[in-house]
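Consider the single chain below, provided in structure tokens and representing the form predicted on its own.
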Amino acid sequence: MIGVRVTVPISCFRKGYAREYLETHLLPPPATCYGFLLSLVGECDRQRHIGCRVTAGLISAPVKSVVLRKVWRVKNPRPEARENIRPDYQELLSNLELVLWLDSAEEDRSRPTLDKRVCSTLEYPEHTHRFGGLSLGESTHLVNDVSVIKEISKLKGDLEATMFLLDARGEQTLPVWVDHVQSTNTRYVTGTIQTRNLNTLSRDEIPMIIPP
């Protein structure tokens, strides 16, 4: 298991069913974290690292704000139609400092696993072929910096983080696989958002990336 520290100036992890008021989750869902890591290593096939486990831990206290922005919806097949555009309120989180916990023990070990590719990319970025800006959340929410945590003791503050962990009796459902064409094939897991000491984290508590 490795930890990937990420800082993001501004982001939004939009709730799947938010329509008129674009609410944000406190943390990026596992599916969002997985997509971010694939983008980091330049992987376009999202089936490539099925079986890895990933979740986010928040080690800062982000500020929540609300903005009024232009939102696109397909009400009319003509792209220029005015009814496709409307203003809506959106929640934003500022000054996020996260740790993405990644475990590749249950991936296909016959080829490089995602944790090894992330470490290799950050150590030898000149050997990785990727494209586009690196963002967490929407494509305009670019990250500030990314690094692998080799020593937890070097994190700021204490060793606790607020994270999403599996819990059959939990009150939160977050996606581990998103169907971008029709939501019926989006897969969710149940868990709780809890504050935990980073040294007590167990692999079995981290959501696994599996399609339906």
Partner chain sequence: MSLHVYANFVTPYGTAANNRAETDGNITTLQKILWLGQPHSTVSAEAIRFSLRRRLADLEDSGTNRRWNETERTNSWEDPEFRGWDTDSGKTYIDDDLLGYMRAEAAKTEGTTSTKVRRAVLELTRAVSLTPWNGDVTFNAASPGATPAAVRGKDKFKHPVPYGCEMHATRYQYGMSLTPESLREKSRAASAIEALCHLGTVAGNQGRFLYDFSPDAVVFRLTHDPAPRILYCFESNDHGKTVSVDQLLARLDSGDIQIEELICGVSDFESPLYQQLKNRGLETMGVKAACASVLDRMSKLIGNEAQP
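Here the structure is a predicted model, which is why all the values come from computation and not from measurement. Numbering follows the first chain given and starts at 1.
The following text describes the form predicted together with its partner chain, which does not appear among the structures shown.
Exercise for review: Would you please decide whether residue 113 lies within 4.5 angstroms of its partner chain in the predicted bound form, comparing each non-hydrogen atom pair?
Suggested key: Heavy-atom contact with its partner chain at 4.5 Å: absent for residue 113.
Are any of the heavy atoms in residue 145 no more than 4.5 Å from a heavy atom of its partner chain in the predicted bound form? Residue 145: yes, in contact with its partner chain in the predicted bound form.
Fill in: Contact test in the predicted bound form: residue 67 vs its partner chain, heavy atoms, 4.5 Å
Yes, residue 67 sits close enough to its partner chain in the predicted bound form that at least one of its heavy atoms falls within 4.5 Å.
Whether residue 119 contacts its partner chain in the predicted bound form should be assessed with a 4.5 Å heavy atom distance threshold; does it?
So residue 119 does not count as contacting its partner chain.
Notebook entry, point to check: Which one, 59, 174, 52, 40, lies within 4.5 Å of its partner chain in the predicted bound form by heavy atoms?
Noted result: It is 40.
Q) Taking heavy atoms and a 4.5 Å limit, what residues of 132-149 are near its partner chain in the predicted bound form? A) Counting only heavy atoms within 4.5 Å of its partner chain in the predicted bound form, the contacting residues of 132-149 are 132, 133, 134, 135, 139, 140, 142, 143, 144, 145, 146.
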